[in-house]
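Next up: a single chain in C-alpha cells, the form predicted alone.
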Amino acid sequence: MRLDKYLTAMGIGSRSQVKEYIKKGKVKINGEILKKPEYHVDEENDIIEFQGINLEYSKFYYYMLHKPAGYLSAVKDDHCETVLDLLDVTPKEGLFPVGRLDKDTEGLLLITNDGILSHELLSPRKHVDKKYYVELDGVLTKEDAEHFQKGVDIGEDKLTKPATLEILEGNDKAYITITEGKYHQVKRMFRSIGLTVTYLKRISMGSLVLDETLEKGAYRPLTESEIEELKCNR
C-alpha cells in the first residue's frame, strides 16, 4: 500500500494533508524519515511513525460501546450528538454502529468498519439473538410470555418471529430476546399488549455480551476471542 494511502486509512488526514506531512519529514519508516508519498509500505513488517507515534495498521476495528441515552445510533447528525462522538480513536473514519438503538435506549452497541460482519449480524436470515432488559408501566403475566413465543402483531404484514420473555421479580421488569431488528420492535411488541416501555437496555447481541465494567458512554476494543466468536455467527 502507498504510504499516503496508508496514512489516510489510519485517519491521519486527507490524501493531500498526509502528502504535506510526508514532505515536511513528519513520517518515519523503520526509524528513517521518508519523504516519498508513493513509497509502498509493508503493513505487516514496517514500523511507521507519525510525529513520533508508532502506527499499527489493522484493516478492521471493533469496539464495544456502553451507549447512554441521548445519543443517536448514527455516524453523524446535524442536530444531535451521535455514538461516534463518544469515541476518541484513530482511525475514526469509516466506523459505524452495527444496527440501531433508539435515542433513549441504552446498552451494548458494536462499532466497527467491518461491513461484512455487520451485514451478517443484522441479516434476517441469521436470526442473531438480541437480548434486552426492559422496565414497564404495568405487570406481565405468564400468558404474555406465551403470546410472545408465538409471535406478536405489531401492525406489519407478518407477526414478529418468536421471542423469549423472562419475567423478573415484581412482574414489571423482564428480559426479552428477539431475533429481528424491526423499527422500535421491542416497544411495539409491549405496546401490543397494552404496556409502555419506560426503560430499555440491550444486554447482548449474538455471542457479544455487554461488559459490566464499562460505564455509560465508555468503550473498549473487542478481544480477539470476542471477535472470533462473533464471526462464528456468520
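What you are looking at is a predicted structure, and each value in this text was computed from that prediction instead of being measured. The first residue of the sequence shown is number 1, and the count goes up from there.
The discussion below concerns the form predicted in complex with ligand URA, not included here.
- Note on contacts: among D85, D102, E120, D129, the single residue with a heavy atom within 4.5 Å of ligand URA in the model of the complex is D102.
- Put simply, of T179, S192, Q185, S207 only one has a heavy atom within 4.5 Å of ligand URA in the model of the complex, and it is Q185.
- Shown alone, this chain has one stretch from 158-166, 75-83, 94-102, 138-146 that lies within 4.5 Å of ligand URA in the model of the complex by heavy atoms: 94-102.
- Using a 4.5 angstroms threshold between heavy atoms, L200 counts as touching ligand URA in the model of the complex.
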